[in-house]
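Only one chain is shown below, in structure tokens, and it's the form predicted alone.
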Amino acid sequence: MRYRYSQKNGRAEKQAVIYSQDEHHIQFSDIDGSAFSVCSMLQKVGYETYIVGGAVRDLLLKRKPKDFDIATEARPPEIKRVIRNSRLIGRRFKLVHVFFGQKIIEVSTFRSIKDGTIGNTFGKIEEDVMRRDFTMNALFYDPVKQLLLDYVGGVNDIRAKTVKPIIPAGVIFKEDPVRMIRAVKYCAMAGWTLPAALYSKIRSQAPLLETVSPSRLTEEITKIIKSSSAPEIIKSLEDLNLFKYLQPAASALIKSDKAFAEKYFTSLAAPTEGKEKDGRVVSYLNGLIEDYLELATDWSLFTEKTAQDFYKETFKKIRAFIQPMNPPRAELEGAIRAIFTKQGLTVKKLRLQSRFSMRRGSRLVKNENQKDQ
């Protein structure tokens, strides 16, 4: 084990632990080739560059990362000069997206703590690490040298299966309430238990989520339901009184209707987007809406004559049910049509906004169960 030092008042002080491959055990074969290329290109021209955040955490936990984000000392225009297949994005704090076909690698510049942990000033790696939420997400991995930098004891915390905030407890959730959701999510996905002090802090500060924009809440709930641990995460969020800020209608039904709650969590555990269940292509939204739609809908009212109005009414009902979540309309329509298909009722979309027609191979109006009654 080695250490990274800095000079302070004429003396060398330890800053970070440096883990070699024999110590951190991250397999090079698990590194995304595009992320490696970005790090290699920037390092070759002298810029300190690392894979950061959730990808490093997942690699240490022997899980396959969904995304590989990169942090570097290079400023956005410098990154763009080095990597041609890239684009600057953002206004106040610019990021760089590097394109490899359909894949995007996001590259950010180290940020300063000059304006707190949510400011938009460029800084040094020593500052950038102190802006990150929890120690498990504040690790820097160099895929070229296969070295892992740990400024905050994140490796030991992961091995101890604990979530430890970097930002002071009195500030971390007030600055960004979404950090509460992420803390719960990380624990649930890893099968850990929140430390008592952190559990108490989150439970008491849950109302802070009222100030979060619908777009950010949509982003968080979408990530959760697309994960393989959605039921565990949502049960934990419900226990901490957080889920009612993400899905208030569903949270109320979970509390009041045990049968609904059981079916709801079963649906969340079902295959998500891109997979099939019972011969149907399943949207990531199905788990959120299917059980409510079946509970709140009288399918016998669906006839060829009233098809369009029935569908419009159903769409409005579901849109209200999932608020403040606001997914793209096309995605929500697709999920609702898939559930109609399950009932033996196929709705064909003619226009995005409102016009629909029925396709009836056997001219069934009711589902199979209703037909036999």
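Just count from 1 along the sequence shown to find any residue number. Not measured: the values here are computed from a predicted model.
In what follows, reference is made to the form predicted together with a small molecule, a form of this protein that is not presented.
Here is the short version: of E290, D150, D133, E232, the single residue with a heavy atom within 4.5 Å of the small molecule in the predicted complex is D133. Note on contacts: among E78, D176, E73, D157, the single residue with a heavy atom within 4.5 Å of the small molecule in the predicted complex is D176. With the partner left out here, the small molecule still marks one of 82-90, 215-223, 193-201, 248-256 in the predicted complex; by a 4.5 Å heavy atom cut-off that stretch is 215-223. Though the partner is left out of this view, K316 does not reach within 4.5 Å of the small molecule in the predicted complex, counting heavy atoms only. Remark: P324 does not count among the residues lining the small molecule in the predicted complex, judged by a heavy atom distance of 4.5 Å or less.
In the predicted complex, none of the heavy atoms of F243 sits within 4.5 Å of a heavy atom of the small molecule. Of the heavy atoms in K66, some are within 4.5 Å of the small molecule in the predicted complex.
The candidate spot formed by F36, T49 and P143 lies out of contact with the small molecule in the predicted complex, as no residue has a heavy atom within 4.5 Å of it.
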